[in-house]
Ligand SMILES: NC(=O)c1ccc[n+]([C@@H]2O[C@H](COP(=O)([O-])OP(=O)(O)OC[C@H]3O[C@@H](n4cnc5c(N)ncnc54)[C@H](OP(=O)(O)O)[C@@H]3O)[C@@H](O)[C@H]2O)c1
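Just one chain follows, in the form predicted alone, and it is written as structure tokens.
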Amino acid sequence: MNINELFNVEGKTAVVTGGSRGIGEMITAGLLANGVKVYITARKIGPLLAKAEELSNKYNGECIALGCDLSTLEGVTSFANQIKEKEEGIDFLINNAGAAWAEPFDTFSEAGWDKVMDLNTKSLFFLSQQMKPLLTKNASLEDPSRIINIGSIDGLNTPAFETFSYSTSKAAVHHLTRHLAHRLVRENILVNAIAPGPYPSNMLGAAVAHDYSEIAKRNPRKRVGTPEDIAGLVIFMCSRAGAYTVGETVTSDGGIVKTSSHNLS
């Protein structure tokens, strides 16, 4: 029951997609700070390599950058093969890579639909499929492997913006999490999701000119999310403390979904 044993993830190996910025960087930092070896991926190799070096130095850990485009099946396969060349097994897969798209309903484009659905939902499924042998290698009844899918409260609420493919893709992520959990729990791989609310990121920042003050005022907690909030939840899910939590979508939103007046009957 010692807290250092309940939440210990030291010596594990993780893959965090989209791990070089935003929520993905926050998760990567939290894992590195607690002794996890982390592979991160993104499309832009230059900034990715720089971020991996920065985080390795900051946390005295091992952060390894592998550039690829996960929006295509070819990209997913290439990335999975790179990991398989380097590791016999992994412990955690954090499916965080994602994209958003906003366009008026009357002119919403097929490109805006397909780009978001391909990266946010399709690639998540196929990367989980292709990483399963690596996750199974390290999985046991006593110490299962984990898949954590990053959804969104936009997949639970009706968003204010016209981001039709984004909200749909995240609702699909939440349901896919339950379906994958049902299939993989028998192989000692636990699948859960996190539905973040407002966190500082390029995605949210672009919509508010990187001024989060109004969003913070409207939040029940009167602030936006911090790295400790999301990293702490991931560490719980990946540690012994979270080993009996399966198929859940846990909000990390300051109370927006459950306590805001428009959500109360």
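The structure displayed is predicted, hence computed values, not measured ones. All residue numbers are counted from 1 along the displayed sequence.
Absent from the display: the form predicted together with this ligand. The rest refers to it.
This chain appears without its partner; in the predicted bound form, the one residue of 150, 127, 135, 180 with a heavy atom within 4.5 Å of this ligand is 150. Interface residue among 204, 29, 233, 64, judged by heavy atoms within 4.5 Å of this ligand in the predicted bound form: 204. In the predicted bound form, at least one heavy atom of residue 21 sits within 4.5 Å of a heavy atom of this ligand.
Residue contact check for residue 59: none of its heavy atoms lie within 4.5 Å of this ligand in the predicted bound form. Taking the partner from elsewhere, residue 96 is found to have a heavy atom lying within 4.5 Å of this ligand in the predicted bound form. By the criterion of a heavy atom within 4.5 Å, residue 43 is counted among the residues contacting this ligand in the predicted bound form. Site residues 139, 145 and 243 are none of them in contact with this ligand in the predicted bound form, judged by any heavy atom within 4.5 Å.
In plain terms, the part of the chain that comes close to this ligand in the predicted bound form, with a heavy atom within 4.5 Å, is 190-198 out of 102-110, 127-135, 85-93, 190-198.
Taking this ligand as positioned in the predicted bound form, the residues of 69-94 that bring a heavy atom within 4.5 Å of it are, in sequence order, 69, 70, 71.
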